[in-house]
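The chain below stands alone, shown as structure tokens; this is the form predicted on its own.
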Amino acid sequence: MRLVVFGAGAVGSLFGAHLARAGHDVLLVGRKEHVKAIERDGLKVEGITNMTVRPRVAESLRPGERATMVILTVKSYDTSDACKAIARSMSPRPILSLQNGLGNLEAMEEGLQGGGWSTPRLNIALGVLNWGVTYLNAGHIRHAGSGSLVLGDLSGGRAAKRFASLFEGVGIPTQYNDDVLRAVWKKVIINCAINPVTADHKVLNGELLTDPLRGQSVSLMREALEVASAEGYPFPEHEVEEELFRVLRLTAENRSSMLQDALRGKPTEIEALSGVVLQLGSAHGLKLPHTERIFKRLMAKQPKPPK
């Protein structure tokens, strides 16, 4: 099968590597230094998964690009522009978001429609991934932790089931969820409890298993839970807390994606996580002091996203 992975950072590269190793024709679209390193030496994966593969690579999509399906793994702030480029390059086909944060669905629709797709929601699948993957340097990633992968469709679409079949066929365990937006919210709560703390204190995920960072993480989790409930997605606190510590144990040696971006001097996805939670919380009249403090600290430290 001919596949495009658009936004080949850590997660996109790992999925592309699995698919390429299984014999699929994979095109990774990524940044120049990553593309050049893969062209020269192949894509190297270490950790839980060890392999070197040589997928096709490019810095952008050419007009008329042939692909059966597309996997989108760009940062949240690049979603709309990436989808516009995809839609201008190819006609409608299944496209899967494996991204963090809230608002990606709306940004995908905006970009795909702007590029010429008339009813993009029928082609969109959402994925919720709890893996630990670290971008070490150009052409080289580490698979540091494996968790769950949940996929779901929207508005009567069938794209997610096609992706689930694809991933199961290459040995990636996948669950299908009829209420994928609820699964998205649950991951957002977990990410809001982990990623900002790791980025603020420059620590691996496992450091959040003990105080004082454990307490800070739980406080952020509880505030995000309040907002999710106000938005119509209530969760039992004990259930989410158990999931939080399960994820931390599974990815204890991992650098969160937000920490990776902070260490590399790149913009983080704090606005798509804590920022959106604050906006929604404010609309419901909720006070979120822990989230507000860490959001302001991280926003003060980071550069602006590239235009």
Ligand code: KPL
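The first residue of the shown sequence is 1; numbering continues from there. Since the structure is predicted, the reported quantities are computational estimates derived from the model, not experimental observations.
There is also a form predicted in complex with this ligand; it is not shown, and the following applies to it.
In the predicted complex, Val247 approaches this ligand with a heavy atom inside 4.5 Å. The shortest heavy atom separation between Leu129 and this ligand in the predicted complex is within 4.5 Å. Interface membership of Ile194, defined by any non-hydrogen atom within 4.5 Å of this ligand in the predicted complex, is confirmed. In the predicted complex, this ligand stays beyond 4.5 Å of every heavy atom belonging to Arg88.
Of the candidates Asn123, Asn205, Ser97, Thr79, Asn205 is the one whose heavy atoms come within 4.5 Å of this ligand in the predicted complex; the others do not. This chain is displayed alone, yet in the predicted complex one of Arg214, Arg222, Lys161, Lys187 has a heavy atom within 4.5 Å of this ligand; that residue is Lys187. Looking at 172-180, 115-123, 130-138, 227-235, the stretch with residues near this ligand in the predicted complex, meaning non-hydrogen atoms within 4.5 angstroms, turns out to be 130-138.
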